[in-house]
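Subsequent text provides structure tokens for two forms of one protein chain, presented individually as structure 1 and structure 2.
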Structure 1
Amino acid sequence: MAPICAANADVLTCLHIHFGHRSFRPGQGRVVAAVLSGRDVLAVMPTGSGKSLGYQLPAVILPGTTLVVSPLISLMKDQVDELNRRGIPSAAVHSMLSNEARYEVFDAARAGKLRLLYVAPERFASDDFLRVLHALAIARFIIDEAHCVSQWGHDFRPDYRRLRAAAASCRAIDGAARPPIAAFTATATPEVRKDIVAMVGLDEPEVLVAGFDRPNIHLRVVPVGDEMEKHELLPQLVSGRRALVYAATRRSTEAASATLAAAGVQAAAYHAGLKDEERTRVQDAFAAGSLRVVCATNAFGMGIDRPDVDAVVHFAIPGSVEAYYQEIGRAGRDGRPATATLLWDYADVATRQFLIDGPRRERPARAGLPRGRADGPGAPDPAMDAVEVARRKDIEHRKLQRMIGYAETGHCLRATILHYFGDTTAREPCRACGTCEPQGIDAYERELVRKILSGVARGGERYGRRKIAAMLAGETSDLPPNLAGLSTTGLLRHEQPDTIERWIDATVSAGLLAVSGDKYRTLSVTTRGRDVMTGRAGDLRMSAPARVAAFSTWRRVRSPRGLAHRHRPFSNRW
């Protein structure tokens, strides 16, 4: 079967003609080239990064049919529909298909009409299917969600163990013993990678890990001495922001939510122990944007697709780096600055260990909650024997140790995570983590400062800090009319006026705002402030008011009251 795109056509032209994209996303170009080269490939890319293009584009260029093994029927259907819509003839074979429809697909495949044929892994147990398969010339044997072959992964599927033999039995387009295999996964831990190579039988594969960095997420670890310190810090970490707070236990989600409510921050708890109606209510309110903060166990987030989450706070250490990265990955999906903060107390490790070792409950399947993913580590298969249980516990303990390593590292936090995932392109310092920029402000705060500068400029540089703060907070009742209707009025309506005042102080200290010498104390924007405001000054380095001060001295100051003391110099200065 002739390819749609000539083999010597420029790959980018092909990308544009068939997929409508003008350029590759990070890592895609290398993956496409590797798959085209005819070597075996292991490509590790996060979900949503555009993994599928890594085999769909080669499928359009290469002669023969590209076979794609995928365990997710709904995903398969979506992709096949999309490909056909784009004029790339494709089909899927899975258990949901009627016999009639299946034979129709087989006929199309045998007639060489399909560029891509998607199959569920259990098809390889069917003689009917294998007969069809052996009649085809297979360009590439693609294994999607390849971590399913590994017991180290979170989604082991015994049917994946058949794939090595299945690939070996395929007829290649160029007379080779078998078609080249390209395995794709979003799970990048070293154990899983090693397993995939061994179990699928990849032959000296080109291993590509790409796209894991989320440069707009600022990473921070804040060591705390006890629960009380966490509760003191929490309101400042999420106030004004759209945020997710992840806690280890149901009770802890409720305690965090109560602390926020007491501090005037609108929040709700979410966990598998709530009634279905309550869970739906919280999920819907967060999705609709009316609820800004959710304190949750890891049950929350699946199926939540708000792109504008500003902050993810971990109220306790999660069970693994994978879980951590998946959870913080829900921040800043729109590419805007976001912050991930881990409140780190060694005492929380015991809770995690208990969740791993403790008696495991089989949780009832509920709408929207995949079984075993509800709270804590995966609930076991009831049929699992004692040896298997012990083996899984051992894996989970080791994963927890790696997460502790992250919390305690003195190295760049981003590089630590990326290296864990096998991305060797990570460079230190990243300049957007608590190690590389210990005194700095995060990107959300940088925006806050820009908004303050804009507010002062819009106000005509004729007002003092109280009026500017009230204007930005949208509290217009006592404001002169010309401050009440500015484009910047209410720009920071999710922040408290006194928080904004403290930030104005910090902005003055950083030399971005000036204060008049007379009794009116009017604010004006300095030349440097103007550069920051307009984005001309690339890098904004300054210290935040109390909060970051609290972070940097936290290791030394243990008194929960310490925080209140550190506020004082700021509020007394004027």
Structure 2
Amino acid sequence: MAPICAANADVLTCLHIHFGHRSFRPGQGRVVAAVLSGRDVLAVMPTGSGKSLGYQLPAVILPGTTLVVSPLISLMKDQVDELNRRGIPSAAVHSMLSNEARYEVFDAARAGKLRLLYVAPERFASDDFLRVLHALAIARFIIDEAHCVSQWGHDFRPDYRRLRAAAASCRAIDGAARPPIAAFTATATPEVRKDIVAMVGLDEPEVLVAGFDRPNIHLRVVPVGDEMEKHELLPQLVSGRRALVYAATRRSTEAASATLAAAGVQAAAYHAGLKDEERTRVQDAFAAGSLRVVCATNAFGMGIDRPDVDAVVHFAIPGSVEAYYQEIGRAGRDGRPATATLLWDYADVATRQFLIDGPRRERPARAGLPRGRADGPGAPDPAMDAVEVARRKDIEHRKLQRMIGYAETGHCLRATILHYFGDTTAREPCRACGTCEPQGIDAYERELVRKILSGVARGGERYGRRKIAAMLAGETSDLPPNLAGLSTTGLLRHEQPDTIERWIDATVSAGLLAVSGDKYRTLSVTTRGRDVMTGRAGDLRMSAPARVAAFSTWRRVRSPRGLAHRHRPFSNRW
């Protein structure tokens, strides 16, 4: 199969023609060059960095078909749909296809009509598929989410252990013993990287590790006393934002969704226990932007490329630092500021321990998820023997303890994550986490304050907080016409008026707004407030209203139940 990019076109020209970009994101260019070179490659790139381009662009430049092993049906479907939309012939083979559709893909592949063919690792156990595979000229053998091959990976998949033999059986386009292999992952510690190289059989690979830092994501850990406190905090953490709320169990996703709905926040639950049509409806609505908040178990989001998620909330502690990093990485993919909040209650650890040790629920293939995946992290395959199951459980418990260490640490949250992944670029303090700036507000909240200041200024500094809050929320029925038709009217329509009023009070307390001393209590913007509003004051230090303002206080004076005798310095846990 000839390349579909002109033979004399350079890589950047092909990038623009097929993907619409004039330049690479940081790290992408090196990965593309390494894959094109014909060497084996291990690329570790953070979630949201565009790592899929590292094999999709070479696929349109190289002759032959690029085979992509991917663990989730939803992820394959979204990528195939987008590639075909761009005029790059692609297909996927998975368990949701009918036999007729599967054989149509096989025929297209044998005829050399596909640039990329996506398959689940389970396919390599099928004799029909192996016969098709032997007939193809494979340009590159791509392993996505390569941490699944490692016993230390947070999403270990025994089927990934077949890939070394599968790659060796492929026919390379240049007559080599096997096609070059390129393995991609976002969440590999040095230990996992070494395991991937050995298990996949990478031959003197070029190992490319991009920085793990996502500086636009503000990190914070919020200790809470009980479940009720979580439900009280949740609406304020996601109101007005496009958000993902991750919970440990199906029941807690539904409870969180109900709490948000009662607070006037548009939200829906997503988990494997829902009917297919409901799960599809929620996923499609969130992807299209018509649904702002999804409360989900851990698999949701892997097939979603929504660039404007600006908040991720963990309603309970996840099972590992890797899983946490991957899930918060679904925020801020457009480069804009975002916030990741972990609601931390030691009582939730028992749920995680049960998900590791308790009975396993297999997800049906029709759910769009691979078999063997449970709602908890890293469920062992039922076919594994008792010794292997016990070893896997021990690994999962150790990874959970490392996640507990993150939740307990008094050190910089960003540096803690970077150190875990072996990233030497960590700098303390980062000034962008709840430990380094315990009294600070995040980027969304700073923008909210600026909009309040603009609303007061546009209103002529002649109204009190209730009218300003109603105007910003877009509730104009009782407002005078000159206030109802401003450019700032409805600017905060996703927030509740009482929430805006609390932020107005906090803005007054910070000295950005002044209140008149007469009975009308009208608001005006101070000199410092105008500097903040116009962007002349780059550093905005103020306390947020209500419970959010108490986050740092909880960190200093409260320890979650049962933690006092457990706490020790974070560095000793790793």
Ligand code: ADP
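What we label the rigid core is the largest C-alpha set whose atoms superpose within 1.5 Å from one form to the other. Structure 1's sequence is the ruler for residue numbers, which start at 1. Source: prediction; values computed, not measured.
Visitor: Just checking, which of these two is the form predicted alone?
Guide: Between the two, the form predicted alone is shown as structure 2, not structure 1.
Visitor: Looking at the two forms, how many whole degrees does the smaller rigid part turn against the larger between structure 1 and structure 2?
Guide: Domain rotation angle comes out at 35 degrees.
Visitor: After fitting the core, how far does the CA of F156 move between structure 1 and structure 2, in Å?
Guide: Its C-alpha shift, to one decimal, is 7.2 Å.
Visitor: Once you lay the two forms on top of each other by their rigid core, how far has the C-alpha of S126 moved between structure 1 and structure 2, in Å?
Guide: C-alpha shift for S126: 18.2 Å.
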